[in-house]
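Let's start with one chain on its own, the form predicted on its own, as structure tokens.
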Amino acid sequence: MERIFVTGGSGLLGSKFATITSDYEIITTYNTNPRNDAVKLDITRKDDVLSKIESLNPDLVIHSAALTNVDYCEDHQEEADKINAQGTLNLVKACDQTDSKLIYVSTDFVFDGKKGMYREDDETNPLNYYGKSKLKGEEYIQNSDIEYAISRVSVLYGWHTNFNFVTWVISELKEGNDINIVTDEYNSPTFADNAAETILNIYSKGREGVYHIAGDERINRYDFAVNIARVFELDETLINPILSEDLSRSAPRPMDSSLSVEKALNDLDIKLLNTTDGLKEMKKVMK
């Protein structure tokens, strides 16, 4: 049985791999949030990365571990670089030693948001340090000799112990709280379970290069929140539309970082879910 080593196993996306397939031996890792049957790994420590991957000798490394808080990255750039860029370089070097394939989870924030519906070969130009640090990771991989794929996602959501946009909206609306959501920022929200399936599909089909594996939709945050309320039968009148300029945030955001998933739909035998379908899948397993 082929072995897959997943970094960030306690995160939203990383935690999904062990639950959606029994076709592979899945080894997940954690750093600060322990999980049963998971391996402790600090991706910023080169020796730790090399020793763990050399001892386990995986066929595939899925690198989903990252520092993803956009404003925190802006205020702590050295830490963001250490985790998102240098941590990725450590994994590249380890995969080179073991001849393991690497699939790197990247982000729509590598784009500046001036046009939207970005294709894989569009020019990158991140506006914030989170995007810059993730792009450095992409470049380290692309400049290496390893076999790789880069999978860009956008606004990951799904059930998890930590809040993401969807679970936060559900929680606030259930409490009867008003929430302010911007109408002028567009993304392609990505159901984490769907993204995990697609990443495994990239591997099983032997695909390489860059793939956008986001939701098959361009939608603004406000309309996304309204969809959440409607699917989960919550009070959408509690959602107040505002503009991004009304918010005080450390890091600039791209106004339209939506992703075209045409390449993935053509190359991979899988459906990428829009927000309504993804939310309905979430509701089926509501806890």
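What you see is a predicted model, and the numbers here were worked out from it, not measured in a lab. Residue numbers run from 1 along the displayed sequence.
Although it is not shown, the form predicted in complex with a small molecule is what the next lines describe.
- Of the heavy atoms in Asn227, none are within 4.5 Å of the small molecule in the model of the complex.
- Put simply, Ala214 is far from the small molecule in the model of the complex: not one heavy atom of it is within 4.5 Å.
- Proximity of Val153 to the small molecule in the model of the complex falls within the 4.5 Å heavy atom cutoff.
- In the model of the complex, no heavy atom of Asp48 sits within 4.5 Å of the small molecule.
- Though the small molecule is absent from this view, in the model of the complex it lies within 4.5 Å of a heavy atom of just one residue from Leu279, Leu273, Leu13, Ala264, which is Leu13.
- Residue Tyr130 is the only one of Tyr130, Phe191, Tyr148, Tyr186 with a heavy atom lying within 4.5 Å of the small molecule in the model of the complex.
- Residues placing heavy atoms within 4.5 Å of the small molecule in the model of the complex fall in a single listed stretch, namely 101-109, out of 136-144, 203-211, 101-109, 173-181.
- Here the marked residues Phe5, Asn90 and Cys95 all miss the small molecule in the model of the complex; none has a heavy atom within 4.5 angstroms.
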